[in-house]
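As a starting point, one isolated chain is supplied in structure tokens, in the form predicted on its own.
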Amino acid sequence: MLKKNDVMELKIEDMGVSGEGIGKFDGMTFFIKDALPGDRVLARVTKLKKNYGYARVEEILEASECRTSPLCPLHRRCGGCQIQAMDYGAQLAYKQKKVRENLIRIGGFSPELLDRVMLPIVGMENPYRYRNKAQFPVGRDKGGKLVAGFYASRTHQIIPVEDCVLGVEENHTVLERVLSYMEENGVSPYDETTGQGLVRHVLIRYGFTTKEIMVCLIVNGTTLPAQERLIEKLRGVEGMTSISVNRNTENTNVILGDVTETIWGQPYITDYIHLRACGTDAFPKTGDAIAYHISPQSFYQVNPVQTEKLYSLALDYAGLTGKETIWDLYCGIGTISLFLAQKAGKVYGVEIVPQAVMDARSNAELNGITNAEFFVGKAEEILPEFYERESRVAAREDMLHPDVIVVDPPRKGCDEKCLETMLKMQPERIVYVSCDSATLARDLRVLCDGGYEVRKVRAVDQFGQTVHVETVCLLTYGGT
């Protein structure tokens, strides 16, 4: 009988939702880290359950046809890139399959329906150097050396990363200068175990269009010693636009605190998202673009090139003629809202983060958009409260019964109350943008049981080298 640390030989037959290879040994299913479909491996057992187990690759005896040489030597240790050893074409096929199988298994949608409504996944021209945001924890290694990087998979052990190949090259220069400042001025990193130390994370944002750079140090305190020396070092980085300090003194895994102070430059950087024409295989840029002010606490998609394609699909699915009323739920800093407002009569956005709503209003003003209005609060609270209040007085009919509702919720999906209110409002079209196809499938089932039909489904790869994938769906009411 197998036990922990035993080594076994097996063929990898499939891949799990977290990027682990799946194979069988003596009739028992194993999930094997760093293994790919088609690999024949020696694997060491790490954990055993009653009917399944976990293992890690010890040796690749026969490599899969989809295995490739990763650009990053740390990909197996770092928790960021689960499938960097997989050929990019195979990554896209895996993500398309993942969305489809979740819709079938969780949502209960038939394969025949998905054959009709599911379009090919939108891939990336270059699946590296695409991230416009990075958050680097700071600490010390076992030898006491100051380091910054990413957490190892399923741990809070920092893997020093000099140059993440998913991020922009400027990140490396910024990190070098921040660590140099800390060493020279005796600024300590935060220690999660003791709760002592000052610098917790370094947040870097980059504007792909403007080339502007933002650096924010998240600190366990109220002041940053010798901050003028930090400013002096960072000002020398080409494109530096904003330097700030965020205060987080809580014992928490949440990265950002509530208070951010700009210590040099502007409190934001500016970037643009361009509208793209949605062809079957090509997404050429059009002349239309929206400018956005992005602060340290703003939610802004990390892959700007693919975001243009994703939001252009959402706009296309909304089917606007210039007269429609739209609710945009979980609107962030107004990224989708302002796209929609160019083609709609009126857009109402809802977002829980007050700073994001301030940014959304500022972004509307920045672009001369006057037909977008934003509300602070949880979508699952704002929308039902509004519906109950306004339906009693029979006012604002356009808001009670909008033409389109667009939702782009967090990974947990839409709240049950939010879905119930959407069904009561009964818009002609719902455009659902999702970062988790499992909760997407669950929510689509609720909406379809309430009278909607799925018309289009398309995955968009926002996160090359990882298992994550975005999906945009169009639903219409009663088959209209």
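None of these values were measured; they are calculated from a predicted model. The first residue of the sequence shown is number 1, and the count goes up from there.
What follows is about the form predicted together with S-adenosyl-L-homocysteine (SAH), which we do not show.
- In the predicted complex, S-adenosyl-L-homocysteine (SAH) sits within 4.5 Å of a heavy atom of Tyr311.
- Although the partner is absent here, Thr241 is not a contact residue: none of its heavy atoms lies within 4.5 angstroms of S-adenosyl-L-homocysteine (SAH) in the predicted complex.
- At the 4.5 Å threshold, heavy atoms of Leu400 stay clear of S-adenosyl-L-homocysteine (SAH) in the predicted complex, well away from it.
- Within 4.5 Å of some heavy atom of S-adenosyl-L-homocysteine (SAH) in the predicted complex lies at least one heavy atom of Asp408.
- The partner is not drawn, yet in the predicted complex one stretch among 71 to 79, 125 to 133, 346 to 354, 252 to 260 has residues with heavy atoms inside 4.5 Å of S-adenosyl-L-homocysteine (SAH): 346 to 354.
- This chain is drawn without S-adenosyl-L-homocysteine (SAH); in the predicted complex, the residue among Glu170, Asp271, Glu324, Glu380 with a heavy atom within 4.5 Å of it is Glu380.
- Between the options Gln227, Asn102, Gln301, Gln297, the residue in contact with S-adenosyl-L-homocysteine (SAH) in the predicted complex by a heavy atom within 4.5 angstroms is Gln301.
- Residues are counted as partner-facing when one of their heavy atoms sits within 4.5 Å of S-adenosyl-L-homocysteine (SAH) in the predicted complex; in 427 to 449 not one qualifies.
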